[in-house]
Each structure stands twice: as C-alpha cells, then as structure tokens.
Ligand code: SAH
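For reference, the chain that follows is the form predicted alone, supplied as structure tokens.
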C-alpha cells in the first residue's frame, strides 16, 4: 500500500531551507512550523509535543528537524508495538545528519537513505540486519510484499545468528544483498505470486506482478476479485492494480473495491471483453487468463508499475486560498496543491498559492476568463492529470466553483463527467474581516456583490433594498472600482433608508495579506472615498453593537438574540 505523505516539523527559521529541500523529495509533504517563530510554512502549530504525538497517532511519517533526544522524549509515552509504528526521523537543522528513530518495519531506513541522498550526506543506519545484509528483509522495496511479519522476525533473527539461506525465485534487490547463501540451507526465501502455506523456515515475499482487468462492476467486486485470485492459486498480496474500462471511471463501487483491496486503479479504452482490455493495456504480457468475459487476470514476470498501465482517473479540485495568509489556508487545500500537476487561475492568486515544484505547470489567465479557464481545467483533468483551479477566499463565494460547475453542466463530453471533481473550501473575505472585527455577522446576514458585470444594477438595488427591509447584516464584495465609482454611493443611499446613522460599519482592506487594515466607522460617517476594490464592507443590522477595545479598533458584534416584534 502507498505510504502516507510525511509531515516535516520544524521549530525555527533556521530549519526552513532544509525542510524545503526535503519537501522536494516528498511533494505531498507539508512543512509544519511553530507559530510565532517561523512564517511561510504550510501549517502552523502552537505546541510541538502535542503536534508530534497527534501525527504519530494518525500514523503519519514524521521528519523532525531537531535533536533526536527531543523527539524521543516527546514520543516516549506513545510508543506502540514494533510493526505498527510510522517512520520517525530526526534531521539536523542544517541537513548534516539524518537519523532514523522509529518505524524500521514501516520503511524508516528507506526514507533515511532517500533524505540523506537528497541532502548529500550519509544516513545514520543502525539496524543490524540492514548493516550486515545491505537490505531490510522485513520491509521489501516498492513492488514487493511480505507474507508474514512475525515469522519474518524470527527468520531474520536466525540469519543474524549465523544460519545460511537459499533463494527460490528472482528478485534483483535480493541478488544485490549480502546474504549468507547456500544451496543446502534450511532457511529459504521464496519469491513468487503463488498462494502457499508459509512454513517456519521460509520467508515468503510476493512480487506485485498481477493485474486484474474488469469490464463490469458488481456490488461485491472486491470479493469477486479475491475469489478469482484464489481460483487461479494466486496470493492476494501479489495484486498490483485493477484495470477497468473508461466507462466505469466514475463508478463508486469500483473505487470502493480498489480501496478495499488496497491497490491502484487504472483505466483503458472500453473493449468487448476483459481479455481485450488487458491486451491493449499490457500487450507484452498476453495472453491473459480470462476467467469470465468481464474479468481477466494478467501475470507479469516482474513487479507491475501501475503508472505505466492505462491512465488514472483525472482529478479537478477547485480550491479557496482564504484571504491570503498561509495560516488561513486549510490543510486539505495545501495537500491538493502539493499533489497537483497543473494549477490554473488568475495570476495574482496562482502566485499566492506557490511556491511550486519545477514539474508543476502554472496556467495563468486574466480574471475575466473564468469559463475558458474552467473548460481548460476539464480538458487537462480528462487526460488523467491532477488539476487545481485557484480562487481567493472560498471558491463557492463569487469565485470559480460556479464557473466550473457551469462548464460541466453545459458539456456532453463523457470524459469531463468522469473526472473526480472536488470543491475545497476556504476562508472567505467576509468571514476573515468579520473575525478581525469580532462578530458583526453573528446573526443572519446577506452577502452581495456590487459588481454589475454579470447582473443588472437594478437587480442589485432590489436585493439590497429587500435585505435591508429584512434587517440583515450586510457584506459587500466588489464595492467600488474605477469603472463603477458611483455604485457604492447609491448602495449606501438605499441602506440609509433603513438604518440609523449610528449603525456600525467595518472596513477591512487586504485582510490576511501584508499591509492589512481594519477600520470601524458609523454609517453616517462612511463615504465611498474610504473604500476601494480591495476593501470588504460589513454593514451592521439594527441590533449590531460596538464597544471599545484596548489599543485597537472597537469590537463589533451582532447578538444572536433578536428583539420580539409586537
């Protein structure tokens, strides 16, 4: 199964450069930095110990850029049985040392060597088996799976005690290891995909060399695949991937089966039978073993790399960056940006979403090209790529989510409709501004855009008048611009017909970005000249209050109660 993306945890600015180097090795990894000490990280935390323990409990690999002793003392109370712990490593702040601490059976030494190679240093490997044999038999490389961990522990212990071993089957990584081999050895390493009972003196390693092709899906697909493998006397751990027809790409039962089996899912152009489907995806391995018209098994002489078979289901995520500051961006959005092949959006927002890796492609367009951007995103995702469309704030609030859905609604392209489409939320400008001021949106409120680019001004006036009659707090997006200098003034005229001059108004400019400003005024003192296109305007309801705050603008809030009307 695929290893989870690691968390890179740092304590100060001096570690950030090394952390970013390590992140290049693990693009999905997020850099966690101590709040108040280090900025420009993917996630901020306030307590090192609690953060490390939570990551450990979540089975997340940990790369901590600090002294090994700190990590050991922090996790001492959490240590579990060997074999179920995630990899944990300590890396020197300057990258001069890489020390694997925990997770020997979870690949920690493999990670240590990967990180050390990336940093140009040697990993401090201390595991006896790896030092003596040059490999960890209990943690085979990608493409292989161990049959029985507990039997494997005793097997390796016997080897370390002086026993010899013979190898039954082929695996290049074993041939390169320094194992004490003998044709007369009692111990044997069996490498193969055949289902077999495991004996005490045998270490069974399965190459993931089996693919199952599918052209029809049932509710019990995982069970059907297991039964087919058993019928063919193939061990389930040897299964590398499922290959399915493109017409099944969005079938939830198919994805559920792949998840239950713990294997990759790939797709190829529809074929008349499962055998024909396998033939076009892996012609060099024909003929496949056809068990039914809808299911066929292909066995390779070498481990199968699923990436080389067919294509993946494309993914399109429409994300919200929040108001701009990294700490306001939700972790799911950061993870999506890390996994993306392509990033699309208005150039200002795309730049805010970075930095990006050299292999990631940015597609920057003008802010008025929303529909073209949405269609381009689907074209890329339909090729099997992982695509992100960037919005500021929340993508569903005057942003790209609606445009993406409109483009899909208009399309009859089945490949577009098969894309895995996700909307990931962000902190909207209205909510970010409200939080800075207190709780001006603490009761019912209305969000309005004063831009008439996409709707007539008469509609804006009507909605604004009705919202004021309903005594809702108001949030104005796009309040004013050079091409619309008069509209905010007209909007305020309407509001003043329903609100007193003492109604609190919050003006938040570039909240969450460098140079942010927050100002609280009354409706009577508010003039359009105080506002520009980058200002969020929050107008209180009849119950909205304000009171003094030490050394800052007043607190503003709208009570959750409402006076009973006679």
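Numbering follows the first chain given and starts at 1. Quick caveat, the model's predicted, so the values are computed rather than measured.
Although it is not shown, the form predicted in complex with the named molecule is what the next lines describe.
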Item to check | Heavy atom within 4.5 Å of the named molecule in the predicted complex - residue from 386, 487, 478, 275 | outcome: 478
Checklist entry - Within 4.5 Å of the named molecule in the predicted complex, heavy atoms considered, which of 498, 534, 37, 53? => result 534
Checklist entry - Which single stretch, out of 358-366, 94-102, 394-402, 255-263, brings residue heavy atoms within 4.5 Å of the named molecule in the predicted complex? => result 394-402
Checklist entry - Using 4.5 Å between non-hydrogen atoms, is residue 429 touching the named molecule in the predicted complex? => result yes
Item to check | Contact test in the predicted complex: residue 42 vs the named molecule, heavy atoms, 4.5 Å | outcome: no
Next on the checklist: Test of understanding: in the predicted complex, would residue 511 fall inside 4.5 Å of the named molecule by heavy atoms?
Outcome noted: yes
Checklist entry - Do residue 323 and the named molecule share at least one heavy atom pair within 4.5 Å in the predicted complex? => result yes
Checklist entry - Taking heavy atoms and a 4.5 Å limit, what residues of 226-264 are near the named molecule in the predicted complex? => result none
